[in-house]
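Next comes just one chain, in structure tokens: the form predicted alone.
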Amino acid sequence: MSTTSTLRPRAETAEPPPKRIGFGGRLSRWDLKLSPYLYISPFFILFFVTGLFPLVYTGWVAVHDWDLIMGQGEFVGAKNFTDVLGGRDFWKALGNTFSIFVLSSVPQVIAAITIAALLDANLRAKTFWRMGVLLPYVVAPVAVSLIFSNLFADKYGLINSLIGLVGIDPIAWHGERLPSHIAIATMVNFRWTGYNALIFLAAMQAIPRDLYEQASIDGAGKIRQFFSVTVPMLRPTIIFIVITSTIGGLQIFDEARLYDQFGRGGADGQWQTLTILLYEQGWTQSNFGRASATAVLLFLIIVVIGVINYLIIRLISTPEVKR
């Protein structure tokens, strides 16, 4: 009797049912996805509230007839911009702003690098000297302005008394345009040179010391090492300082406004800056539309000058040697 084996189909293996993810698992997944955005969100929220929104709103006000008391008026388009650009006060304030900016920023950066190089040397009581250069930055702008306005007083100022000892006639520090710019730039340099020097010092200490040893072996002295090693390695920091000095220098307000007791930039606008003009248009003339137009123009000027400074620094900086 022959037996035939019957082939039976294999039973298909049933797949296990999908594991249900509980609330804790879903929460953990969302935590991994959203946590990075939550960590960086405070910066963007603050930037939107204190930076982007005021900038956009200023542009909105600039194209309207906006009064301090009556509020928003009719849409006027570019009229506020044409009124500002067509006026004499804007161009005079712009010239004053650039003059004070150049007189303060250029000597400030040079002095800051020099002071940082001295502080980076082997000095005794390094902490004392480093804290000392930062003290002017801690002093309130009002106190600095009061002190320097008396130092540069036209009749009884200490500066005129000192130059009178060598036979130089007294200078009208508050009456003439260029002397007033020099006095205000001196205040700016007094406050900010030490602050920038510490930034340069931090960058200098990050430079590898092997580079100085190699330069010394090649016969380079201290001065040659400074210009051939230190300055090229400080290129990113110099760009940062120049751009921040440009932004601060073109927005100068405290020192110029507090230079005299009236705070209007001089009897004939000798040292009236764009920010003082903006303040006068908004709060004295009650014309927020024109003041906002001035603010927008100042913003565009800062952007353009910042880009130009960045390109110039990149061109004049020493390129890296290709091996």
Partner chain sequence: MQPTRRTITAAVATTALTLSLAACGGGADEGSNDDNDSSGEAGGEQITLTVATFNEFGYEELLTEYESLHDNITVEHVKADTADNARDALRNSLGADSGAADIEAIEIDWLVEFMQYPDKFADLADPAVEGRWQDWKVDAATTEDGKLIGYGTDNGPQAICYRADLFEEAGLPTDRDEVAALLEGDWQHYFDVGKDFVAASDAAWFDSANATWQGMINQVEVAYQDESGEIIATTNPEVKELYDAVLTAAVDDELSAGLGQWSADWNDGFQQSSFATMLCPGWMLGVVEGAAEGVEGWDVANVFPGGGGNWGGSYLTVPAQGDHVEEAQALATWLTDPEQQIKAFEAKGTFPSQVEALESETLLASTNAFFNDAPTGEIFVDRANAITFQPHKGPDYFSINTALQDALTRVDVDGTDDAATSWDKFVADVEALG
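C-alpha atoms forming the largest set that superposes within 1.5 Å between two forms make up the rigid core. Bear in mind that the values here come from a model prediction, so they are computed numbers and not experimental data. Positions refer to the first chain, counted from 1.
In what follows, reference is made to the form predicted in complex with its partner chain, a form of this protein that is not presented.
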{"query": "Partner-facing stretch of 118-126, 224-232, 186-194, 148-156, counted where any non-hydrogen atom is within 4.5 angstroms of its partner chain in the predicted bound form", "finding": "148-156"}
{"query": "Proximity of Gly132 to its partner chain in the predicted bound form, heavy atoms at 4.5 Å", "finding": "no"}
{"query": "Contact label in the predicted bound form: Asp254 to its partner chain, heavy atom within 4.5 Å", "finding": "no"}
{"query": "Its partner chain contact in the predicted bound form: Pro42, any heavy atom under 4.5 Å", "finding": "yes"}
{"query": "In the predicted bound form, Thr58 touching its partner chain (heavy atom, 4.5 Å)", "finding": "no"}
{"query": "Heavy atom distance at most 4.5 Å to its partner chain in the predicted bound form, all of Gln270, Tyr279 and Ser286", "finding": "yes"}
{"query": "Residues within 4.5 Å of its partner chain in the predicted bound form, restricted to 46-77 and counted by heavy atom", "finding": "Leu46, Asp67, Leu68, Ile69, Met70"}
{"query": "Tyr39 C-alpha relocation of at least 2 Å between the shown form and the other one, rigid core basis", "finding": "yes"}
{"query": "Large Cα shift (2 Å or above) at Val76 between the shown form and the other one, core-fitted", "finding": "yes"}
